[in-house]
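Take a look at this single chain in structure tokens; it is the form predicted alone.
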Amino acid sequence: MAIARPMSERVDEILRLTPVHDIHTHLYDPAFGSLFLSGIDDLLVYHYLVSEGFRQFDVPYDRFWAASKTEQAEWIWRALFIEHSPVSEACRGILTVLRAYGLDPRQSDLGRLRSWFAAQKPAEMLERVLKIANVASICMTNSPFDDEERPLWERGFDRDPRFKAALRIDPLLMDWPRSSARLREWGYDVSAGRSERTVSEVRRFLADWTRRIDAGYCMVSLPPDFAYPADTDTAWLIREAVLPHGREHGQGFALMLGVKRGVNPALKLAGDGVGRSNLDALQNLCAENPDNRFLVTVLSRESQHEAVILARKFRNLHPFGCWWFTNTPQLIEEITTLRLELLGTSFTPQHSDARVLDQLIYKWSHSRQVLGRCLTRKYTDLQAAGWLVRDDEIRRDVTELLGGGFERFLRR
């Protein structure tokens, strides 16, 4: 008589073998050159580690930012890996990456690690990382307002089909006076005021860039006090331009809610904070626009339960990922369990949010571990209730959770 395998083994094996479609990252197609980040120095100067490093060393802010990336990485390595134990999730992530490459940080100083990375060919590293992380596709974050990125899209390039595009429109919605001036420079007949002509031209801009980059969805990050409806440029542009554009092009609108920009400006990218979001705005958007599809992730722990309840009430709302400050194992497990218990499998538990190619290894290794624990508990509960869980059902659910459900939501 065959001995039944433990549920945890079955779940972990299926999770390991199922490719993931990473639905939100800050990675770039290799054709973007300097925007394609990889290697030990880029890993160490990731903004998660920069903010953590400033808690340990006394380097003045201006001195740090004036230094080379090499020197910045050395300060962070010394402070977080040599002088203190690397117990944070961001530090642990680097150790997971090095181990996956067969490198022992205990036996390698930073110079030796740099030499190993320098000897690798970028194209081969891309294939290696995608294989180790078992990532099938990567969704980028693409902004027409980025002066380094935009010219490459305008010239055109040979795209790696595994890199998908998402249209990021934060400047359009959050700084309309300045953005309207830029649109005029690019040939769109807009004014800083609100008019039907301006709305028509903004919609033309969105359509042009959706076609140019073949954007799967449109996205914006918004502060905790974002309100809708409201007498603001942001709400006006969403109502009159973004939502009609989404309906016309069958494009989802991703809302990343709860970021407080520049809480500590001296930290630059690492200086943003978090606040509890006003989710009445999300409720109003979903209720008033049943023909639009909304994707949502919220930054504060306190907002998670309300966001899940809204998803139970609105079928046009799809929660995704554990963003930024919630991207730690403890909170991923808590939030994923909450979503499973209230939404079944009709959400996407995680995205990597990676900015450096190598981060895909640790982000998905660690997230698969957490998702495995959550699913094992749920399937064990089902079996205790008399529902014997088959492997093909686990594979179906895992495929749904690792990006399949997200793609299906965008297509429906």
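Predicted model only: the values in this text are computed from it and were never measured. Numbers follow the displayed sequence, beginning with 1.
This protein has a second form, the form predicted in complex with D-arabinaric acid, left out of what is shown; the following refers to that one.
Student: Of the options F253, W323, Y228, F81, which one has a non-hydrogen atom that comes within 4.5 Å of D-arabinaric acid in the predicted complex?
Tutor: After the contact test, the surviving option is W323.
Student: So which of E52, D29, D41, D353 gets a non-hydrogen atom within 4.5 Å of D-arabinaric acid in the predicted complex?
Tutor: Only one listed residue qualifies here, and that residue is D353.
Student: Even though the partner isn't displayed, in the predicted complex is R261 close enough to D-arabinaric acid, meaning a heavy atom within 4.5 Å?
Tutor: Close contact exists here: in the predicted complex, R261 approaches D-arabinaric acid to within 4.5 Å, heavy atoms only.
Student: Answer yes if any heavy atom of Y48 is within 4.5 Å of a heavy atom of D-arabinaric acid in the predicted complex; otherwise answer no.
Tutor: Output for Y48 is yes: heavy atoms within 4.5 Å of D-arabinaric acid.
Student: Examine S221 and determine whether its closest non-hydrogen atom to D-arabinaric acid in the predicted complex is within 4.5 angstroms.
Tutor: Yes.
Student: Although the partner isn't part of this model, could you tell me whether R339 comes within 4.5 Å of D-arabinaric acid in the predicted complex, counting any heavy atom of the residue?
Tutor: So R339 does not count as contacting D-arabinaric acid.
Student: Counting only non-hydrogen atoms, which stretch in 55 to 63, 375 to 383, 353 to 361, 29 to 37 is within 4.5 Å of D-arabinaric acid in the predicted complex?
Tutor: Stretch with heavy atoms near the partner: 353 to 361.
Student: At a 4.5 angstroms cut-off on non-hydrogen atoms, which residues of 81 to 106 are near D-arabinaric acid in the predicted complex? List them in order.
Tutor: Going through 81 to 106 in order - heavy atoms within 4.5 Å of D-arabinaric acid in the predicted complex - there are no hits.
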